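Consider the single chain below, provided in structure tokens and representing the form predicted alone.
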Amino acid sequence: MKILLLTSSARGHAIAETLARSRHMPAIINICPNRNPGIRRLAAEQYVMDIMDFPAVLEIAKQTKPDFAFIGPDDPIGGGIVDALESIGVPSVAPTKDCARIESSKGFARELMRKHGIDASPRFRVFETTSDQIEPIRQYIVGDLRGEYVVKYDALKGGKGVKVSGEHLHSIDQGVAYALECMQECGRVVIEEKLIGVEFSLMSFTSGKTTIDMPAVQDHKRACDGDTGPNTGGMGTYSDANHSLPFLTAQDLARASEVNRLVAAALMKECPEHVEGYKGILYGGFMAVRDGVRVIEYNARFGDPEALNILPLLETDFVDLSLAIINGELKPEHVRFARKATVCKYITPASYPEAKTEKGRPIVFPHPLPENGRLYVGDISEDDDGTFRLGGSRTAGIVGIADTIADAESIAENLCEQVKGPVRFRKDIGTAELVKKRVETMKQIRST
């Protein structure tokens, strides 16, 4: 069996490792924008190229004849690589361009939920460049949202399209200016209510009609301990052995699961030309609030770092699971996760995310890893002699796996401390202190 894997990054390394564990012993054909050493060790072939060059991707697919493709990042999914591969008879574990609008258009996602009666959005409005919108935008921010607002670029922007009042935007004028900038670039902008609560992720495997959840995960975007510093792609994550999170109620998790299922069903109705519906990973970004949960956004693929927590726990065969998604035959027996807790901490260059001062410097990882530890490499290069060198972005995700969050954190922390090089990581992710802080925050919010 051959699998075409379009991805790089630590997320891609985790996907490749999980596919490689399969009883099918697949030959992995990797297409990646940067030569990922972790994936290279697992792949039968690796092509380093622009993954948005669809004609070149199709040419490799024609030559290698994969049984299916697995697409990692958002840009090729949003750009329609699944449709292109389907045109030459290669199915994919990822949604078509039409269905992927759930991520590629924030406005589409909000309007889809409103149209199908899925009551899980904050108050919002979509503004378009049909006429002068300065005053309507200002009036909505000031009058309807009382100055507590979020402005969302209505297209993919590498995770940098959302700005929040009080964090990135410090006045009404700044909010209006950014909204106008978004409209000028992509034609629309979404402005919505700023939610107060605690964020979490719930990803689901989806085969159209069937949706099966993964364990819930909490990400940490801020660069430094104590949730301080600039936002990043994610400095680390944790999950619990009961597949929920300590600050969530059973009702919170059940509602998030229900919303994912309802959104998948809505996409089936909204994209009638794709009668088999949304296929792949449906990633719900949620916030637990005073009276339940709300959707922050949807993604059409695995999260990074979330995949690093989830995939090591998968006990069923990932290739069989992928084929069940593609064939519309997904069943509960295809998805079983170990009842373990995980903590992931990202190693990054010391100057990340502000600068790339350490790029090219050597880095040494602990070896061998313990049975309850994982290391997934991201933005690094490898010399011919095996020396790893830093890139400018997140370097590697280190994961601890144990019966409790505290024990998993201890494993991850110990491994991170052994990394040698000009790097840093967040020491507080998964600690009892930070988890307790989340629990206390939710108690306080729900008591008001």
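The first residue of the shown sequence is 1; numbering continues from there. The model shown is predicted, which means the values in this text are computed figures rather than measured ones.
The form predicted together with a small molecule exists for this protein as well; it is not shown, and the discussion that follows is about that form.
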Notebook entry, point to check: Hey, of 89-97, 112-120, 144-152, 172-180, which bit sits against the small molecule in the model of the complex at 4.5 Å between non-hydrogen atoms?
Noted result: 144-152
Next item on the list: Identify which of R255, R138, K194, K359 has a heavy atom within 4.5 Å of the small molecule in the model of the complex; exactly one of them does.
Entry: K194
Check: Among E276, E199, E185, D75, which has any heavy atom within 4.5 Å of the small molecule in the model of the complex?
Finding: E199
Margin query: Quick check on I296: any heavy atom within 4.5 Å of the small molecule in the model of the complex?
Written below: yes
Note to self: in the model of the complex, does A241 come within 4.5 Å of the small molecule, counting heavy atoms only?
What the structure shows: no
Note to self: Please determine whether K345 contacts the small molecule in the model of the complex, using a 4.5 Å cut-off between heavy atoms.
What the structure shows: no
Item checked: K221, heavy atom within 4.5 angstroms of the small molecule in the model of the complex -> yes
